[in-house]
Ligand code: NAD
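Presented below, as structure tokens, is a lone chain in the form predicted on its own.
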């Protein structure tokens, strides 16, 4: 089945998860309908000039693009922009809907939104991509679909800091007197009003969320696993931004053993363990993860077989609908950590839950990106780097305290240890601390809801988010 056929099912999947969770919210049908539907949908067609690779001549190509704002219960709305050849309205609607629930779960004061441009970035030169990005931004500006108090995009599949810089520059050119213009988009390069820790944020959030889940002794006992993340085996599908950071951080800071990795062009499996840092170098140098030495290789046509290999933790970090009715029965993992958006269909989830698999849902687990985007947005509105005011003060205070301890004990503290202990927090330290606190608190809120109602983690996450959004609508009232 082609991606074009599957994409509308992604939105149906999100609707099915909503329907399953709705009875646990206590909200009436009218309010549930308001929360469910997408408030604003902007479908765009615009022309750009490109160079025909065969003829070398300039020609006009019409680009199809979207921006969907799911919920206006809180403003601005927030959500990434993806560049992919299979983008369509239903997919963008599904992703915007998930964004509303993600923001609610991690208590970030945004409504959900999402954008998509139907192109394969590999088919265009950098100059052409810049032209497409700037024209897309212009279309958003002219329809009031972007702005620091209106709608704030961010990177998603196929985009990154480069595209966000183009969006910011286009916006500030068109809104030259807006002092908070840098807050119109997040995920910008650090040197251009971005924030340290944003690139790794989604992957680091996966690590923090997984760590919380694996520290739950009751769940681990049921799964016949020892509490804690260390020593558990992991398979990752997708070595893009999210998959690579999830893998390296879980390996380096969590003690996980990665035994399998899948990509679009093949997969590898090595029971003794794969060094993810080394794997990323192999991919960069050779163009493919399949060149990793000593590993069993799955060819391109069998790459998704890696999902069915035995492991403690399976991390789908690619695209949606990767685990479906056709392969759900073959999944052998004990925990599935949804680092991607919508990797499991609603039909497949029923099969997985009956098998006793613990699913940590995307609507919670990959919210690290929007959490740190929130921090970047706050930085842009305050016009000040985090830590600038307090770092030296805190460092000096801690040094004084340690010197008092030296005087009281009569023992000198090693200068290197003193500098390490007394060091004030840099921006990245504060960002990571804020992300860790957010993921830990949100896990506990969702898990408490799950235990109170005796339901699975995804249903609890959806119901918890819907209830929070419903509380907002109830408090705000209906205007006029």
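No experiment lies behind these values; they were computed from the predicted model shown. Positions refer to the first chain, counted from 1.
FYI, the form predicted together with the named molecule isn't displayed, but the following is about it.
- For the three marked residues, 50, 115 and 135, no heavy atom of any sits within 4.5 Å of the named molecule in the model of the complex.
- For the candidate set 158, 147, 194, 254, a heavy atom within 4.5 Å of the named molecule in the model of the complex is found for exactly one residue, namely 158.
- The partner is absent here, but in the model of the complex a heavy atom of 238, alone among 238, 361, 209, 111, sits within 4.5 Å of the named molecule.
- Shown alone, this chain has one stretch from 379 to 387, 258 to 266, 217 to 225, 403 to 411 that lies within 4.5 Å of the named molecule in the model of the complex by heavy atoms: 258 to 266.
- Using a 4.5 angstroms threshold between heavy atoms, residue 339 counts as touching the named molecule in the model of the complex.
- For the chain shown alone, residue 318 is a contact residue for the named molecule in the model of the complex, at least one non-hydrogen atom being within 4.5 angstroms.
- Contact check for residue 366: a non-hydrogen atom falls within 4.5 Å of the named molecule in the model of the complex.
- With a 4.5 Å cutoff on heavy atoms, residue 82 counts as touching the named molecule in the model of the complex.
- Residues 198, 202 are the members of 187 to 205 with a non-hydrogen atom no more than 4.5 angstroms from the named molecule in the model of the complex.
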